[in-house]
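Next up: a single chain in structure tokens, the form predicted alone.
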Amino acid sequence: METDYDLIIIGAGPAGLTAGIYAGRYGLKVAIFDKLTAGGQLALAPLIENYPGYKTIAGPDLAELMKTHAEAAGAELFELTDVQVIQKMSNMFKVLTNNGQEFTAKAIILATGSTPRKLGVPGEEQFTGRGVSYCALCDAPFFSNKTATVIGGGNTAVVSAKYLSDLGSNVRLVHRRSTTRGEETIKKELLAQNVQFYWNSIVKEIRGKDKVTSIVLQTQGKELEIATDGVFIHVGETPVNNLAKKLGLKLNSEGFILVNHHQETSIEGIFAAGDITGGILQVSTAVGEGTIAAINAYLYIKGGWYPETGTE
């Protein structure tokens, strides 16, 4: 098995796969590693309605198309392979994986993404997998003809609420502010589907016995307990930055990797793209950053579009 590459990309979500497409097409020898399977959080999205070229497409379907494209471009994909350590060695990088393998590369792109942020309230950990979920695509079918409560006000929250409603759930949406940040089109659809909104409300506790039976809200200065069979939590993202921390990369106050407009990090030869850089966490922005990172990694490796040849 080959272990020496021009470019190693860590993370096979939209940013990593796009970077793999561009790097492969530019003739780089490129490998993509992911501790899970390709697609990242895109593969968990029940519905994508804002990705150019597709009026509507399921997240797993778009992820599979991206994966196939990256492999067709020449990227070698290592799924279920967790990168443990990245070591900088003069003008090279050594990458060590969980199965004891060693790889080298001339440049690195970190596209490790983010994970759903937790509420941190009593009952959340206890009932995870027993009524508490962070993935509507995974678990919404279990709540058809039941009551489901979505926590959050971003696009992921409103899309999940719509998906649950489409499957026949009686849906409530709880948000700490007076309106959501989701797309207006989906918000209008939720209103038409009789989704019940709890504005200016904060979850204080999730209750149940063997599984979730209710949640306690702080709303309008008082506590309110509402019955529910399921709780879908979509309150933001936490960066997967363990490798960045080990490398000593500069991070912002929330733990996302700081990059410039070339997607360069604070260490020469290491680039970052996608949700791990923070900002607007959308598939389209991840794809754009993956493109920029791959092209600039190519320029870094090759010394520009027209490398020095040593001749006049």
Ligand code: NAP
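In case it trips you up, residue 1 is the first one in the sequence shown, and so on. Quantities reported herein were computed from a predicted structural model and do not represent experimental measurements.
The next section is about a form of this same protein that is not shown, the form predicted together with the ligand.
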| item | value |
| --- | --- |
| Listed range touching the ligand, judged in the model of the complex by heavy atoms within 4.5 Å, from 214 to 222, 236 to 244, 105 to 113, 164 to 172 | 236 to 244 |
| Contacting member of A157, V95, I206, A140, with respect to the ligand in the model of the complex [4.5 Å, heavy atom] | A157 |
| 4.5 Å heavy atom contact, G153 to the ligand in the model of the complex | yes |
| 4.5 angstroms heavy atom contact with the ligand in the model of the complex for I226 | no |
| 4.5 Å heavy atom contact, K187 to the ligand in the model of the complex | no |
| N50, heavy atom within 4.5 angstroms of the ligand in the model of the complex | yes |
| Any residue of 107 to 128 that, in the model of the complex, places a heavy atom within 4.5 Å of the ligand | R117, L119 |
